[in-house]
Structures are given as structure tokens and as C-alpha cells.
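Presented as C-alpha cells, the chain that follows is alone, the form predicted on its own.
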């Protein structure tokens, strides 16, 4: 691995997404990307007795799909990197207890999908692991209960508020040749724009996304013409235009290639306010829809920028401003032509 200028890692060894697994809940199953997911649950409980057990079921199933498609057993995996939104990443911890793979729990809020992927790729490239399993999860009922109000409360939502995606995504990193390559990662800085409203996280995260994307282009010397897509994690319909405007003011126009997972995963008439969010938002879109398009070669180069608001359940009550971060991973199709 080599460092490119300030914040970008370039992986010197060929590293591939060997396989992926995606599982979603009922609302995501009715969205435009439903055909790209491995499993769609009809009910939020996912066949379990509680919301927390439901989220574990999501993560467990996404891993099972990933390993089955890769033809790997848990004993073939050197490291398991996982994260979620629950206190102390308890969903990931409990699944790690089950699979008994050497485990690194990671928290970057909704940026955890690309945080785990970047870290895993670094470990494979450096020779510390041959097969690394990366996975994240979120559940609307567990996250809303922790950060806002229990969904049973039925409180009103603001138009700026995002809707936590119910789902989980897993990916296997390996040097064994596959259809999608992991080429680079740009590690973000924590940016605080002075927003203290947990119902307006798209606005809060937009400057962090802008900082990471700007740095990626500065580090690599590329232009937007070199990319098919720049996909942000969960800025939603509120934060996405703010990101485009911030970058345009710096002389970087990505508006023609920018999409956001939070607006891709739902239709405009679904009851999700500004769009989707949560660890699973970027994970299921990337490991499902984007992975499939890269594998078939209809997309050649995609920069996935997962965004995260680094708050806890006490932050909104204490009116602290919300620090945010974004991590970017460059994915390329391995298909020639």
C-alpha cells in the first residue's frame, strides 16, 4: 500500500470484493432497488421477538449470503470487521460471538460501511490477512428509539429528517480474482458545521462529504470525468444539493455524476421524509446495486463516500453540535472492455 499525498491510500496488491450479501426490510423491499438485494423481509421483526434480535438476524443473514456466494466457511476468514448504530456496537458484538472469527468492532456511525471496507483492504494489501469479512447493519426501530423517539410514539417528523434503513450488508475482501476491484480509500476528517439538530443530519454531514471528496480529487489529480459515479451514503434530498454547492464554490462540479444512497433506495412517494440513512443505507446500495453494475461492467469506476454523524443518544438532548465524517472507497470493474 502507498500513501497518495495527504489522506488517500492506494492499494498496490490486487484486492477484490469476492462476494457480497444484502438483506433489507419491508419498506426497502418496495423501493426501486429491491431486485438487487439477496433477501427482503416482509415484516420489521424479521421473524424475531424484538427489534434488537431483528437487527442481528439481518446482519447474520447478510453474512451467510456473502460467504455462501464466495464458497467460504467462517473458518476461512481471517478477520471480521463490523459496525452498527447501537450502543457499543452491540449487534456486531453479538454476531462476532456467534461466528468466532477474530473481530475488530468499528464505529463511524453511517460511514462504518466504507470505514470497515477501507481498513479491511489495507489489512489484505499489507499481508496481515488473506480474507476479511466486512459488515454493517441498521434497523429503523432500534435507531429511532435510540437517537430520536420510539417508533410506537408516533411523533411528527421534520421534512429534513432522514429515515433509518432497515438492512445489513456484508462484503468479502480477498486477493482471489473477482469481478470488482478495491483500488483506493480516502480517509476523512471530522468536520463540525455547527448543526445541533438530529433531525437535520443531511445538512450536518454535507461539509464532511465535501471535504473528503475534495481531498480525494486533490490527492489523486483526477477530475469528475474520470468517474462514472460519485455516490454519497445518506445526505438525502436535503444534504445532497448542499454538497454539490460547496464543491462548486471550490471549482469542483460533480453534480452530473453525484447520486446519494438515501435517495436511490426509496421512491419519492414513500414515507421517508428526506430519504434514507443508517449504516445499512450505503452498504446495501453498494454491495447490492452498485456491485452488480460494476460486476457486469455497466459501471467502470465508482467512488463511494459513506457519511456519518458522530453523535450519541445524549447529544441532541444537550444541544451539542454534531461532528461528522466521511470515508471514501474507490471501486472499479474488473471486466475488460
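Numbering follows the first chain given and starts at 1. All values reported here derive from a predicted model rather than from experimental measurement.
What comes next is about the form predicted in complex with a further copy of the same chain, which does not appear here.
Practice task
Just one of 226-234, 239-247, 133-141, 102-110 has residues with a heavy atom within 4.5 Å of a further copy of the same chain in the predicted bound form, so point it out.
Solution key: This holds for exactly one stretch, 102-110.
Practice task
Name the residue from 198, 96, 252, 257 that puts a heavy atom within 4.5 Å of a further copy of the same chain in the predicted bound form.
Solution key: By the 4.5 Å criterion, the partner-contacting residue is 96.
Problem - Candidate from 263, 89, 220, 203 lying within 4.5 Å of a further copy of the same chain in the predicted bound form - any heavy atom - result: Contact with a further copy of the same chain in the predicted bound form is made by 89 alone.
Handout entry: Interface membership of residue 4, a further copy of the same chain in the predicted bound form, 4.5 Å heavy atom rule
Key = Judged by the heavy-atom cut-off of 4.5 Å, residue 4 is in contact with a further copy of the same chain in the predicted bound form.
Practice task
Flag residue 85 as yes or no: does it have a non-hydrogen atom within 4.5 angstroms of any non-hydrogen atom of a further copy of the same chain in the predicted bound form?
Solution key: Heavy-atom contact with a further copy of the same chain at 4.5 Å: present for residue 85.
Practice task
May I ask you to state whether residue 176 is within 4.5 Å of a further copy of the same chain in the predicted bound form, using heavy atom distances?
Solution key: Output for residue 176 is no: heavy atoms all beyond 4.5 Å of a further copy of the same chain.
Problem - Touches a further copy of the same chain in the predicted bound form: residue 312 (any heavy atom, 4.5 Å) - result: Within the cut-off, so yes.
Handout entry: Contacts with a further copy of the same chain in the predicted bound form, stretch 100-139 (heavy atom within 4.5 Å)
Key = If the 4.5 Å heavy-atom criterion is applied to a further copy of the same chain in the predicted bound form, 100-139 yields 100, 101, 102, 103, 104, 105, 106, 107, 115, 119, 122, 123, 125, 126, 127, 128, 129.
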